[in-house]
Ligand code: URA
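Taking the form predicted on its own, here's one chain by itself in C-alpha cells.
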Amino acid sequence: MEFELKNIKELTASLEWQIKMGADAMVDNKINKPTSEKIENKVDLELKNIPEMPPKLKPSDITIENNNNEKIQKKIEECNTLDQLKNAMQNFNGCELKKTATQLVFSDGNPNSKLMLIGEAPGAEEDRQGKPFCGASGQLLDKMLNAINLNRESVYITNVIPWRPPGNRTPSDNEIKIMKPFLIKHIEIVMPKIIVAVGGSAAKAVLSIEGGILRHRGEWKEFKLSSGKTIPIIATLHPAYLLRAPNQKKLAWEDLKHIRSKLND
C-alpha cells in the first residue's frame, strides 16, 4: 500500500512538473513523435498540395494592356480601305499564330459583291497560296457556289483568322476574340448585302452563338454594325466538315437555297 501511494505521489509530481514546463499532453514513450509535431507535418503537407495562385497583375500592367488595346483599336478604326486593313493586319503582332504561319491569308474574290463568305482559318494549302478556300474544301465550296449560279468572281471570301493554326486545329476562343475587331472592320469596309458564316468558328465569331453549328445553321439572323445598320447573316456547314460527313450535304443544300432566294429578293 505504501509502495502504491509512493508511486502515485511520484506520478503526480511528475505531471505537475510537466504542466509547469508548458506541456499540454502526456508523453508516451511508445509514441514516436509528439502530437504537435504530427499536426505541423500534416499542415506542411496540406500547404504543399495547395496549387499556386497565378501572379496578380499590377495596376501598371493593366494600364499597359489597356493602352495597347486602345492603340490597336484606333489603328483599326483608321482603316478605310481593304489595303489599309490588310497592312494593319500584317503589322499586327498580338496573335501568336502569326509566328508559325507562312503568310497572311487576307481574302479572295470580288470585294464589290453582295455576298460575303466568312470561313474559319486557313489550312495548309491556303497557307502556301495565301488565299482562303483553295484546298480540297475550297474545291467543294466552288461546286456549292456553282450550284446556285455563283463563282469566285461573284462573291467575296475571307476568314475569321488570317493565319493558319498549327496542325489545322480549330481556332481558340481567345484567338477569335483577338482577331474579331479586324473582322468587324473588314465587314464594315466591304458592306455586303448578305453574310454567310461558313463553319462553327465563323458562326461563333459573328453571331456569338453557344453550341455546335448544327443547332444554328440555316436560320437568318442579323449582324449589327456600330453604325446601327444590320446585315442579314446565315450560318452553314464548312466544306471540310462535309468532306468528312457527306451525308450532311443535304443540309448544306438547304442553306444554299436560302441564300439563293435571299439574293434574288
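These numbers come from a predicted model, not from an experiment. Note that residue numbering begins at 1 and tracks the sequence as displayed.
The form predicted in complex with the named molecule exists for this protein as well; it is not shown, and the discussion that follows is about that form.
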Inset, instruction - Check whether Leu117 has any heavy atom within 4.5 Å of a heavy atom of the named molecule in the model of the complex, and answer yes or no. - result: no
Inset, instruction - Mark Ser107 yes when one of its heavy atoms lies within 4.5 Å of a heavy atom of the named molecule in the model of the complex, and no otherwise. - result: no
Inset, instruction - Evaluate His238 for contact with the named molecule in the model of the complex, applying a 4.5 angstroms cut-off between non-hydrogen atoms, and reply yes or no. - result: yes
Legend entry - Exercise: Pro162 in contact with the named molecule in the model of the complex, heavy atom 4.5 Å: no
Inset, instruction - Work out which of the listed stretches, 181-189, 96-104, 78-86, 123-131, brings a heavy atom within 4.5 angstroms of the named molecule in the model of the complex. - result: 123-131
